[in-house]
Ligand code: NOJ
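Quick heads-up: it's one chain on its own, the form predicted on its own, in structure tokens.
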Amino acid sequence: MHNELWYKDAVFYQISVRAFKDSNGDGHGDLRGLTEKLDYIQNLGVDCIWIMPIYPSPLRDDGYDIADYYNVSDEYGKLDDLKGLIAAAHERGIRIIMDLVLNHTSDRHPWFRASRSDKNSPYRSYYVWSDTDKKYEGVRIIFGDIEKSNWAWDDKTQQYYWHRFFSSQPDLNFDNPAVQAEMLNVVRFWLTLGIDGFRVDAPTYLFEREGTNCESLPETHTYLKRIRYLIDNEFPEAIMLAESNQWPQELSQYFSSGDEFHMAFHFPLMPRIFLSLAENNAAPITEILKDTPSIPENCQWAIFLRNHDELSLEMVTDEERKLMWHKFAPEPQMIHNLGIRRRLAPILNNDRCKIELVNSLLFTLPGSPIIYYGDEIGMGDNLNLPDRNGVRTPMQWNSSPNAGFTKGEPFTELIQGQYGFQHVNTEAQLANPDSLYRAIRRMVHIRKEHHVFGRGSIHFIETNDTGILAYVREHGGEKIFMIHNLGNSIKSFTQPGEHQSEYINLLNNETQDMQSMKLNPYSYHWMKKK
């Protein structure tokens, strides 16, 4: 698998290990269960799995509150089980990246317990303590619906500690050289074990400085480059993927000159895919991509439709947010924070044409796509579960009891009704040549045959209808034309004169004259010159 730029062409697949497959009947998914399902993942065409946190944790934040950076939670197995998963995945040509949570630990972590137990402890300075909660005033509170301050009071030591997320997640003090060295050791530990990189959680907030918003500070970038230097010199095929919810111009600084992150999520693009569908207008997509700066050749955007969090609408206008809530979250319980706590299929009212259309955009716009587990079969959600847990339910493997996920009692409620496992499961879709799974798999495999999707330029084609999104992806002499009808009516598309020719539709291998095309509602076409 030797290829230092492998991530530019890769298709990623995000997995909650707890929710994927249980191997021992305790009701929780585990590493051995995931290993059992690698053939399914390989068949889909996935190049890299992103596994959500599997560290020991009190699970106040679904594992992002880490209590031990150097181990696997007993719930998921042992380190040897992870080694077995890595070896089995690599045998199939599949890489694995893990979550790396740099910014904070759990308040149950031994470091924090020592820190709050004694002001003279060497671990006291592993965290940010203060006699006052007036420092860093004006810094935004990320979970403002739950936390009223970024400071929390500790009765034992009579001081405040700093936290950018929940108060159960105290921030590490990266001004302490010992903390910097410790986290470099964590990176080295997991890469030595054999994983292929990290999705770095919340890298924006590592340092604090008075008079700033404490985000994306120069010191933060300096430290992140230290991690990249370690990786380049000791693990040259491993990658870092930045989770930083910012505008493209700001996000691009996390690439620096190609010596910081290899990849970054393109957060602003995601809601605009849905906004374009809601408005029957290509402009939200074209405008955000035109505003996206070029990035170094060895860097790549990561693009996605859904993930384990709410569909964030933080980066759209108030009017656009109201429209998207009206279209995609018409009931109050569907809304969370400034987003929508639903899976892809329910958001689009289980409309197969719309689901395929947005997936076509996912696989053909610039960047490497990330599929959220279960979206390839159109899984639903459980809005009866609190917070964002409704989109983190067990994978639906078949129609047997408990969806083939476990022989025991599932850790959470299974989905019922229209999206229940009796109706939506992988076994049925694998057997059906016309299933959603088959359509998604076809797109994945066609994408993998053409480097133009992962590496090519994009040029938007002017049309006489704002509801048509047409563009050319070009790389190394290869050109592929993408045409999407974002509306619910039949539209006509005329190819500009310089491009008129006979084309083959890569999706069905049919020859087509693109001089004048009839586009069915929510249709998509991947066209290459014969």
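Just count from 1 along the sequence shown to find any residue number. Model, not experiment: these values are computed from the prediction.
Here the subject shifts to the form predicted together with the named molecule, a form of this protein not shown in this document.
Proximity of residue 169 to the named molecule in the predicted complex falls within the 4.5 Å heavy atom cutoff. At a distance threshold of 4.5 angstroms between non-hydrogen atoms, residue 64 is in contact with the named molecule in the predicted complex. By the criterion of a heavy atom within 4.5 Å, residue 405 is excluded from the residues contacting the named molecule in the predicted complex. Residue 320 falls outside the set of residues with a heavy atom inside 4.5 Å of the named molecule in the predicted complex. Here the chain stands by itself, but in the predicted complex one stretch of 323-331, 364-372, 343-351, 193-201, 193-201, has heavy atoms within 4.5 Å of the named molecule. Taken together, the three residues 306, 376 and 441 lack any non-hydrogen atom within 4.5 angstroms of the named molecule in the predicted complex.
Note on the partner interface in the predicted complex: the residue among 247, 189, 143, 153 having a heavy atom within 4.5 angstroms of the named molecule is 143.
Residue 104 is the only one of 104, 95, 262, 109 with a heavy atom lying within 4.5 Å of the named molecule in the predicted complex.
In the predicted complex, the residues of 378-403 lying within 4.5 Å of the named molecule by at least one heavy atom are, in order, 388, 392.
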